Structures are given as C-alpha cells and as structure tokens.
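What follows is a single chain, given as structure tokens, in the form predicted alone.
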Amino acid sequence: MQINRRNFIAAPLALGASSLVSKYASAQGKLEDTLIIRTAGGEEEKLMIEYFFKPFSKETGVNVIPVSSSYGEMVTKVKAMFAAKRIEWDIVLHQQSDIVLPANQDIIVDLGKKCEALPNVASQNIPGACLQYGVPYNYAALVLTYNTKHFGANLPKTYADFWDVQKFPGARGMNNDGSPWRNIMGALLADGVKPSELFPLDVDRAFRKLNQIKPHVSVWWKVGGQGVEAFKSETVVFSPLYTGQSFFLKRAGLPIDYTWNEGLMNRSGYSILKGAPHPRAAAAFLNFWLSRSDEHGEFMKKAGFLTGYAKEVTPKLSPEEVHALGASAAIQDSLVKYDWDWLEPKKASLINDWNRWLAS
C-alpha cells in the first residue's frame, strides 16, 4: 500500500506479538522512568491505557502519563513549548499531513526513512509503517451522526441533510477542534460541490453556507468527548463526530447511528517532539505500539476505528463489525479525501478566518 502526500492510509503492520522494547533499551541505554503522551481523551484514552499504556509500563517500568487535548489545543501548546524552549511532552498525536508533509519537520524527530531506531519496523521491514517523522496511529473518519429516536424513519444521509433544518429539525453540533477545513468541506458538500471537486476550497462560498447553519448549532465541540456528552444529554441530535465517538454511543445502546456517506477521511500518527524530555522511552513506546497484534484487534473492536493491524484483524470480524469499523475496502475508498499539498500552507489562514467568523 502506497503512502503519498495526498492520501496517507496507515498500512497494515504484519508483526508478531512479542515486544522488542528490551532489545531497544539495552542498545540505546536505560529508559527514562516517565513518558508523556498527548491523547484525544475520553473513552479512546481509557482504552489506550488498558491495552497499551499499562502493558508498556509493566514491561519497561516506564510510567506513562496521558495528556488529553483537542488538535487545535495541541498545536497551540506545542508552539508555546518551542517558543519558550521548554518541551514538556514526548509523543504527540498528529494529523496525517503533519507527518507526511514537511511543515513540522523542525519540531518532530526524524526517524529515518526506514525507522532504524525502531527494531519492529527496521528488522521486519513492515511496509508503510515508517512515515519517517512518525508511525501510524489510526485511520478513521469524521462521520455524520444522528439521534435515530428523534428522526424516526426519516434518517439523514448527507451534509445537505445536515443543513436542511426544515426537513430534519433539531439542534446541531459542529467541531471546533482546530481543524476548521473539515467544516469548510462539509459546507461545500452541502452546497452541492462533488467530493472530487472540493479542492481548491472555495472558502468564501463555504462561509456563506456556514452562515445558514450557524444559528442552529448548539454545541461547538473541541474534543470528541464533548460531542458524546452532547448526544447523551440530547443537547444535540445531529453532528459530525469522529468514528470512535459515534461507535461508542451506538455500542452503549443509545439511539444513535452514523453514516459513512460523505465521511471525511481522518488519519493520524504518533510523532516524537524534538527535545522531548524522555526520548528513549518515547522511541521504545513507538516500537512497542508496533508489536501488539492481538491487543490491536481487541482495541479496534472497542474503540470503533482501525489501526495499522486492520488487514490482519478484518477476517476475524463479523459483517456488522466490518461495517461499524469501516473496515471494508468499499467504505475506505468512498471517504472524502484531502489535497494536503493545497491545504497545508493555508492552515493558519483558514484557522484565523474560522475564529473571526465564529466570534462574529
């Protein structure tokens, strides 16, 4: 599976279950006793603690400290760290473009094109696992999520439906997590632009469309857990959510469902910050993350999104689980993709435009 600048898909990691952390540690020196990892919080963080953080601590003696934040909060925090020349975190959870494109290469560690510092990548030559500036974390999507009890038999399916408050009345939620290009893309889809023709984004047209939905948005969630709580309390009945949060709500038995139609691709990866206070422990964890096939399978089924072990795990899933996780090739191929070459240099201006619009 090719990984390119426009469409990063975390390639399957065909690894054995045994860890090589001890081998890495003896080669590089004693691991630090602490590791600080930025997470997305919520149920996802709890599952990471159960399946990966605690086992890593048990095997190595390293105390893993998770710090949750939205993507936007992470970007702001990291900028402040480097400005102050005081790096507090070790591993960050980046979007795909942050790793594949060169914009952040001055703040994240270059692992080398073959990730030689990670034995589970280098020695086993795992295709696509080394992104040079990080390793795959997940491949998921931002999907339209709705309350089935509220809408009954008339279920929405598209961003046009999300904007149609007459046909589909009820309070909306939207993300305000530091990646406003997703809302801009959703607005253009609602305005009739085809997914294949979204880029270059017509930003003015998108904001004109966003003006229409703004009065109906009750919750601007910054992390997925806020979106989950908004659905639980029925503060909102319709919102884009990341698949893990949508999956959790449905799995919990709430009257919630989601559609893969017009799902916006969401890829992310783990990177080590330059000047991280615990660099050896950080590298050891990335190596550990790529060594736990069975744990990835259980994690995926509970977290509601795919990791790099998807190809190995998919044959073991029921048809219902395959659909819920978006594990089929048909679903993955249908997701709306980004032109990161166009988008990356415009991120800052889009964030400024978004913040001005939101405050107006």
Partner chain sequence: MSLTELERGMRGELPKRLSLLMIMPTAALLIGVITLPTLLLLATSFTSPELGFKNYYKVNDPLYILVLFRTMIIAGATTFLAVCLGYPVAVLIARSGKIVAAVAIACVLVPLWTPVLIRSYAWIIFFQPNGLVNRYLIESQLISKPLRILYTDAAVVIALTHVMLPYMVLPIANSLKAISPDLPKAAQNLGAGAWSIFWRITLPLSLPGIFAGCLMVFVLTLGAYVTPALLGGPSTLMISTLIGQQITILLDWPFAGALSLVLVVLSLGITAVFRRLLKLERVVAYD
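Definition used throughout: the rigid core is the maximal C-alpha set that superposes within 1.5 Å between two forms. Note that the structure is predicted; figures quoted are calculated from it, not measured. Numbering follows the first chain given and starts at 1.
The same protein also exists as the form predicted in complex with the partner chain; that form is not shown, yet it is the one meant from here on.
Remark: all three candidate residues (235, 355 and 358) come within 4.5 Å of the partner chain in the predicted bound form, counting heavy atoms only. Only one of the listed residues (266, 226, 132, 97) places a non-hydrogen atom within 4.5 angstroms of the partner chain in the predicted bound form, and that residue is 226. Between the partner chain and the residues 168, 199, 220, 207, the one pair within 4.5 Å by heavy atoms in the predicted bound form involves 220.
For the partner chain in the predicted bound form, the listed stretch (254 to 262, 187 to 195, 76 to 84, 269 to 277) containing residues with heavy atoms inside 4.5 Å is 76 to 84. A residue is said to contact a partner when one of its heavy atoms sits within 4.5 Å of a partner heavy atom; residue 72 meets this definition for the partner chain in the predicted bound form. Residue contact with the partner chain in the predicted bound form: residue 178 places a heavy atom within 4.5 Å of it. The partner chain in the predicted bound form comes within 4.5 Å of no heavy atom belonging to residue 336. Residues of 327 to 351 that come within 4.5 Å of the partner chain in the predicted bound form, judged by any heavy atom, are 347, 348, 351 in sequence order. If you fit the rigid core between the shown form and the other one, you'll see the Cα of residue 81 move by 2 angstroms or more.
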